[in-house]
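In the form predicted on its own, a lone chain appears below as structure tokens.
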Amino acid sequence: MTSTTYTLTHDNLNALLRALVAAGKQLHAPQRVGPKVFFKPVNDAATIVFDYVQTAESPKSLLFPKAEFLVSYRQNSEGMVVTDHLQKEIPEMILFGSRPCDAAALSRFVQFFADGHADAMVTQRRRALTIISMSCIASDPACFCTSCGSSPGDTTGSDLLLTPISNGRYLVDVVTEKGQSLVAANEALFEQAPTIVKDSYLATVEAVFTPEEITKRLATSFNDPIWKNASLRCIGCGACAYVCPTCSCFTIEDEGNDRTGDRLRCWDSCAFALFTVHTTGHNPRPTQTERWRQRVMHKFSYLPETNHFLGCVGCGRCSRACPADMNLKEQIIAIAELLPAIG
């Protein structure tokens, strides 16, 4: 659909959020926990945080929980009862306050899980989710969205995108039919937008590399010594993967006995030493050098080649979360400078 714009006051925004909660929708929005901000369920719109650059964790878990039941079995007096959790009903959810990089990441995440045999749970949760994103009017040194195909005011992946403008108002980009339906159901809260130059209100994030150049340079770098030096600080903790909005590694775990048990899908990380260990005991990625190379190559080389999108949106969470100061933006810049370009 053609994107349309409205304006919305802060008071009317709060009224909209209260109306969504009153309608029985699950609202997830930024909440402050100590010094950090996380996406959490919200019952009172007054507790939502607006003054933040980025949340500590991404909203990926709304589509792909850290741990979820797939199948359960229970022995009772009548026999074995098997529960297929893939058949459960998904409630309507609202994600509010995600940044444009997060919305773009969720879009790529859904595309990844739709490739080949589509993942039923991810697909169903996205259908049940309405994304109301908030443009970035501030950034920090970890941000590099413009280098990864997104921007502080990118509408990709959002159903509605709100941009803070003057006098406690927001410019509202209606991006999808789902977003238009939400506006139509609450039309008294919205006003037609005058001509507004949105870019003048957005944060400035300078592009420091181009995805195409990085992908080209990585194409011949598999055995380059750069990976050993780049990985020396990595301790394999997996923090980068757990805060990343696009990482998709998971493992299947079976727990139980002959009478009761569960099969679960849980987040995993290619940074972990056990991630690629074969049943023979052989590990094709025995050191952090190979594992760090896999992380970077998957995001900036393999995914662009096979799925035609970058596996990174430049949100900067991995750099902020890393206890060893493995700054991904700085490492990619170094790769661009050290590896030879190809035609």
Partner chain sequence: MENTYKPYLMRIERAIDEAPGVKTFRLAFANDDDRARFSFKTGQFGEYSVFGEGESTFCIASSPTRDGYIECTFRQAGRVTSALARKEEGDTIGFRGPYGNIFPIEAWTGKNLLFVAGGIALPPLRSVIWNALDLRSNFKDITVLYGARSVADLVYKQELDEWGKRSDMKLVTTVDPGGETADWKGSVGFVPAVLEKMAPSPENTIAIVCGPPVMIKYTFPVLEKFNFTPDQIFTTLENRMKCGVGKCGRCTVGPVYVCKDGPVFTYRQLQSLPAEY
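By rigid core we mean the largest C-alpha set that fits within 1.5 Å across both forms. Positions refer to the first chain, counted from 1. This structure is a prediction, so every number in the text was calculated from the model and none was measured.
There is also a form predicted together with the partner chain; it is not shown, and the following applies to it.
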Identify, from the list G256, P141, G168, P225, the residue with a heavy atom within 4.5 Å of the partner chain in the model of the complex. G256
State the residue from V183, V205, M121, C240 whose non-hydrogen atoms include one within 4.5 Å of the partner chain in the model of the complex. M121
Could you tell me which stretch in 30 to 38, 51 to 59, 298 to 306, 313 to 321 has residues with non-hydrogen atoms within 4.5 Å of the partner chain in the model of the complex? 298 to 306
Partner contact for A128 in the model of the complex: the partner chain, 4.5 angstroms, heavy atom: no
N43 near the partner chain in the model of the complex, any heavy atom under 4.5 Å? no
According to a 4.5 angstroms non-hydrogen atom cut-off, is T47 in contact with the partner chain in the model of the complex? no
Taking heavy atoms and a 4.5 Å cut-off, does P284 contact the partner chain in the model of the complex? yes
Residues in 240 to 256 that come within 4.5 Å of the partner chain in the model of the complex by at least one heavy atom, in order, are S248, C249, F250, T251, I252, E253, D254, G256
Hey, does R263 budge by 2 Å or more at the Cα between this form and the one not shown once the core is superposed? no
After core superposition, I'd like to know whether R127 moves between this form and the one not shown (criterion: C-alpha shift of 2 angstroms or more). no
Examine K178 after superposing the rigid core and state whether its CA is displaced by 2 Å or more between this form and the one not shown. no
